[in-house]
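What follows is a single chain, given as structure tokens, in the form predicted on its own.
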Amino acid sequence: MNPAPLISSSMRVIILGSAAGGGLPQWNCGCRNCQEARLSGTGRTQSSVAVSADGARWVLLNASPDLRVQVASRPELWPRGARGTPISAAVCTDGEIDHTLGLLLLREATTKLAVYAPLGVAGLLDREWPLFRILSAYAGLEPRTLPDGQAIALADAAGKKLGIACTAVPVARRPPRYARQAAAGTYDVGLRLTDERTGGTLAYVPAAGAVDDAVRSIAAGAGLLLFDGTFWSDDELAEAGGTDAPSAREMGHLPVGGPEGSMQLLPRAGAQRTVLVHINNTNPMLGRSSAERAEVEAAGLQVGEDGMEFEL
């Protein structure tokens, strides 16, 4: 018998996956982190978060390619009858493959799923990366636009409010690689999610090229900030053996380390607690006994893990 939902008096946040695209270990990578993950039988799934104001109805923040495994590992997300799901909506911060591919894994649904996305991302998911059109042959999705900088009340496909207000703020990134010729638009946002009853606030910025005014507006006063921890250094991929590998900044990610890295800037962003997510398999701070991990913790930040839970 599937468990009854745990009704919550505060907003619950679960890190379903803490890794960047490819996960840990990445299928074609033999770096130290990936080798250790294979030998130890441990690893990380790709970036996604679940949030709920009541513990019964859940909102996905990005839909990871590992979503099936993530849902199977969390009783809160199991069906509570012969068919159905407590997943009531999804919010896509961008149109990257590792943040949207999981939508295809929901095709067996019996009802439409409300999917919120910035206008530019919604266009990509209908054209260049046509998930909306593909899934229309199944239960389908109900696309809903996230306006820039305006708080909206999240609701399920039937229009029932979920108790969470969401504000999307454009952050410093560019369109996905597959859509370099796309028309100008908002292709990457950070989210500020607030429990409409208690005021508890989550700031979610899984990919960002800077800690700037936009990021600070998302993070200010939040009980928890989940922030881009993709790379430790700008030339990390090249040092790991990548041929003609782009830098972190060229890929739109602010490195964690260094004098101008996020580790130096985030403690002043205004959140009560900051956890790094979307961590690439090459990032040395993944090593629990590494000097980089010690630096992060000394700065008052945490390295996110799959399965971490928070109440706000």
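Quick note: we count residues from 1 along the sequence shown, nothing fancier. Bear in mind the structure is a predicted one, so any value in this text is a computation, not a measurement.
Just so you know, the form predicted in complex with D-malate (MLT) exists too; it's not on screen, but the next bit is about it.
Trainee: Just to confirm, Arg192 within 4.5 Å of D-malate (MLT) in the predicted bound form by heavy atoms?
Mentor: No - in the predicted bound form, heavy atoms of Arg192 and D-malate (MLT) never come within 4.5 Å of each other.
Trainee: Counting only non-hydrogen atoms and a 4.5 angstroms cut-off, does Met251 reach D-malate (MLT) in the predicted bound form?
Mentor: Met251 belongs to the contact set for D-malate (MLT).
Trainee: Although the partner isn't part of this model, could you tell me whether Arg74 comes within 4.5 Å of D-malate (MLT) in the predicted bound form, counting any heavy atom of the residue?
Mentor: Residue-level check for Arg74: no, no contact with D-malate (MLT).
Trainee: Considering only heavy atoms, tell me if Asp234 and D-malate (MLT) come within 4.5 Å of each other in the predicted bound form.
Mentor: Asp234 lies outside the contact set for D-malate (MLT).
Trainee: Only one of Arg174, Arg80, Arg107, Arg144 gets a heavy atom within 4.5 Å of D-malate (MLT) in the predicted bound form. Which one?
Mentor: Only one option qualifies, and that one is Arg174.
Trainee: Pick from 95-103, 126-134, 163-171, 197-205: which stretch has a heavy atom within 4.5 Å of D-malate (MLT) in the predicted bound form?
Mentor: Contact criterion met by 95-103 only.
Trainee: Going through 270-298, which residues have a heavy atom within 4.5 Å of D-malate (MLT) in the predicted bound form? Please give them in sequence order.
Mentor: Only a single residue, His278, comes within 4.5 Å of the partner.
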